[in-house]
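Read the single chain below, which is given as structure tokens and is the form predicted alone.
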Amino acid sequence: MDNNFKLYSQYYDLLYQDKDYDAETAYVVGLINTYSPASKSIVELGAGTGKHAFRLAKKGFKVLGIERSADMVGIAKKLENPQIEFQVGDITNFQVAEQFDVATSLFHVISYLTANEDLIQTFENVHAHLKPNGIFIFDVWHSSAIYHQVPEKRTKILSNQDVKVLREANPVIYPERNVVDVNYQINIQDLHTNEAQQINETHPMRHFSRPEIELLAYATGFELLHTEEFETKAIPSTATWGVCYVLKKLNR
């Protein structure tokens, strides 16, 4: 995952300008109010350019955003809110001298951890940074949907006043590893000079079943409290691409 977002981060907000961050934040806050209503502090793993963190801070939470891409952290730090701090760090091994009420990891960040060792290290690290009975909220790709529907090649075109972006996603499935390599070809045209550049990247994405998450939780000191389709709250099915999990830290 080292170089996945090096150039991609420059166009990240444009590519995902249609994401409803307000609705997603409201959904996460609803989960926090249900499972840990006294929570005041959040550590966000894979904070990206800070879109969720900024909205969570406006809801009254103190937020520390951990993000591996220095480019994205540079963008995120332009958001001015005394309740937010961003740090460049790897979610598998970051260390801060603080514990939090809640850990979040949104937009399938956990699915980027394709190796069992990285998953275990990340969950153990989250455990160490949570207060007693703290909760961990995250969403991942859902195995049932991957195998039932099969990811297809997709094209997305977006533009603003400066650039036009055409992104083609060509997935390659590795069923024995529960991994889909999403091969991106991103063509960027400068609308002022007509100059163009192309970025080619591969984003390996792991998908999960509920038994996998239950086992991972058990192995790293968590209890699975709840699972549902992200944002819709529906029961996960073969039509569900993104599943949200809520775990509670257990005292070891």
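For every residue, the number given is its place in the sequence shown, counted from 1. What you are looking at is a predicted structure, and each value in this text was computed from that prediction instead of being measured.
Here the subject shifts to the form predicted together with a small molecule, a form of this protein not shown in this document.
The putative spot formed by Phe123, His129 and Tyr218 is not touched by the small molecule in the predicted complex; no residue has a non-hydrogen atom within 4.5 angstroms of it.
For the chain shown alone, His207 is not a contact residue for the small molecule in the predicted complex, no non-hydrogen atom being within 4.5 angstroms. Within this chain, Ser69 lines the site of the small molecule in the predicted complex, having a heavy atom no more than 4.5 Å away.
Although the partner is absent here, Ala47 sits close enough that one of its heavy atoms falls within 4.5 Å of the small molecule in the predicted complex. The closest non-hydrogen atom of Ile91 lies within 4.5 Å of the small molecule in the predicted complex. A heavy atom within 4.5 Å of the small molecule in the predicted complex is found for one listed residue only; from Val109, Leu119, Ile146, Ile84, this is Val109. Contact annotation: of the candidates Ile137, Leu113, Ala76, Val140, the single residue with a non-hydrogen atom within 4.5 angstroms of the small molecule in the predicted complex is Leu113. Comment: 38 to 46 is the region of 191 to 199, 38 to 46, 25 to 33, 218 to 226 lying near the small molecule in the predicted complex, near meaning a non-hydrogen atom within 4.5 Å.
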